[in-house]
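Just the one chain here, the form predicted alone, laid out as structure tokens.
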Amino acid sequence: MAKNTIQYVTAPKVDENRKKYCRFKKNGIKYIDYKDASFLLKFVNDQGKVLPRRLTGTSLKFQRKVAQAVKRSRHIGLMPYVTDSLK
């Protein structure tokens, strides 16, 4: 007989000990180019949704700039609005 264990489908755990950091502040990036779609794909999940700050570690100031750049990139057709498998 199988043991009575319950398994939940959850997101994989990220290293809890690792300190999150804002890659823009660390590298001194001041402007996020909306025309660089390959860079912006790092901040978008497989479905095309913008990843939240708690997952990327981006500061509030740059998270707003990333969101604006993704919106601009979508508007001119460099990035899709919705997709099944983006990456």
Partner chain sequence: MQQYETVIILTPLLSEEALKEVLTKFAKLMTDNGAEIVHEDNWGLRKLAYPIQKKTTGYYHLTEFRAPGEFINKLEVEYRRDERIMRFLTISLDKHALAYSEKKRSGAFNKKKESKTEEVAK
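Numbering follows the first chain given and starts at 1. What you are looking at is a predicted structure, and each value in this text was computed from that prediction instead of being measured.
We do not show the form predicted in complex with its partner chain, though everything after this point is about it.
Using a 4.5 angstroms limit between non-hydrogen atoms, K30 touches its partner chain in the predicted bound form. Residue contact with its partner chain in the predicted bound form: H75 places a heavy atom within 4.5 Å of it.
K35 belongs to the set of residues with a heavy atom inside 4.5 Å of its partner chain in the predicted bound form. Contact between V66 and its partner chain in the predicted bound form is not found at the 4.5 Å heavy atom cutoff.
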